[in-house]
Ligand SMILES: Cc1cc2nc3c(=O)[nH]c(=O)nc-3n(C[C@H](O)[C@H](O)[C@H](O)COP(=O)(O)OP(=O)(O)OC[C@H]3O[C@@H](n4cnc5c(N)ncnc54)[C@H](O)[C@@H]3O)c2cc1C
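First comes one chain, alone, set out as structure tokens in the form predicted on its own.
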């Protein structure tokens, strides 16, 4: 065969599309019983395909990888992705947060139409074919070994595109097993780490009983990063710590702080719509209204719901809090005043990321220096890589998917150019 694509997620299928459109025969292999398993899972609650924000802001989401991804996103960014979906008969709309969704909200109709078009262009799809890391030269071709339900088999191709995903959600095919295999062949890689993930905190048994409850309308700040703005949103209290959109938005910075210092102390404002002065007045009014109210009842009357009140009490009881109060000049204040200040600047200590396999995505992977501009491995000419295998990360909000599509397209274009020039970059 001419081209072999390993991995049938968005990056792999987009690479296959470029090769098919250029007239080459393409076989796509996937370890799972059907293609796009993680893509379909991402669409269960509403497929966030991309984001509508300005290009400069969009690119900034990729931080230090922005200049690497810029050429790919200039060709196939948010608007191009929406136009591509429309070409499949799937219209998209912009939600209130600026996120872009397909009209039906689900991934399945888009994937079904895409596969139908690719098959119509001649794509051969082999499922339950798990690459075993075998990668050898056979003349001008590459020879790869696969495990199948019927035993092992080998496939040969002039050009190979690897789109095997990162290291999260192994049950859907992305297990990161490829990283040491490529490293052994001289490819520069960095270890896979959890991104868009939850973090662990040492909760008491009392607080763990509230696991699953949302902390709505809170602001989060990172005290160790001067100049970063507070971000408002929602997160979820878990048995082990915190997760959810507000946490994911800061996941990289929190993870790097833990890696450097062994822990990260984030600050939550539990009532961002109230100033400390108005909050104190509300507590005074509640206390004056009826004598003998417990602190939790006073807080409820002041506007703090049950799970927020429980989190406040949790931090209040921690040994480090007295030092925090002293540092803030609050040690001699009445308890309610101290707690009001704590409510507006609640320090929460996070000690570790949740396990890699629980993460929405992963950081790390194939280093930028290991690839040419067409995403071909310098150490393995004729082998291209795309998607989450590459060492970049992005927050949720459509940025991750957009870069997977864009890098898949670029790898496919690079493979086409390689074939058209007779195996010369």
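Numbering follows the first chain given and starts at 1. As the structure is a prediction and not an experimental result, all values here were calculated from the model.
The same protein has a further form, the form predicted in complex with the named molecule, not shown here; the description that follows concerns it.
Contact between residue 165 and the named molecule in the predicted bound form is found at the 4.5 Å heavy atom cutoff.
Contact annotation for residue 10: at least one heavy atom lies within 4.5 Å of the named molecule in the predicted bound form. Within 4.5 Å of any heavy atom of the named molecule in the predicted bound form lies no heavy atom of residue 224. Taking non-hydrogen atoms only, residue 30 approaches the named molecule to within 4.5 angstroms in the predicted bound form. None of 377, 59, 366, 42 but one reaches within 4.5 angstroms of the named molecule in the predicted bound form through a heavy atom, and that residue is 42. The single contact residue among 324, 76, 142, 131, judged by any heavy atom lying within 4.5 Å of the named molecule in the predicted bound form, is 131. Using a 4.5 Å heavy atom cutoff, 48, 359 and 404 all lie near the named molecule in the predicted bound form. Note on the interface: of 328 to 336, 170 to 178, 312 to 320, 260 to 268, the segment with non-hydrogen atoms within 4.5 angstroms of the named molecule in the predicted bound form is 170 to 178. Contact annotation for 391 to 409: residues with any non-hydrogen atom within 4.5 angstroms of the named molecule in the predicted bound form are 398, 399, 400, 401, 404, listed in sequence order.
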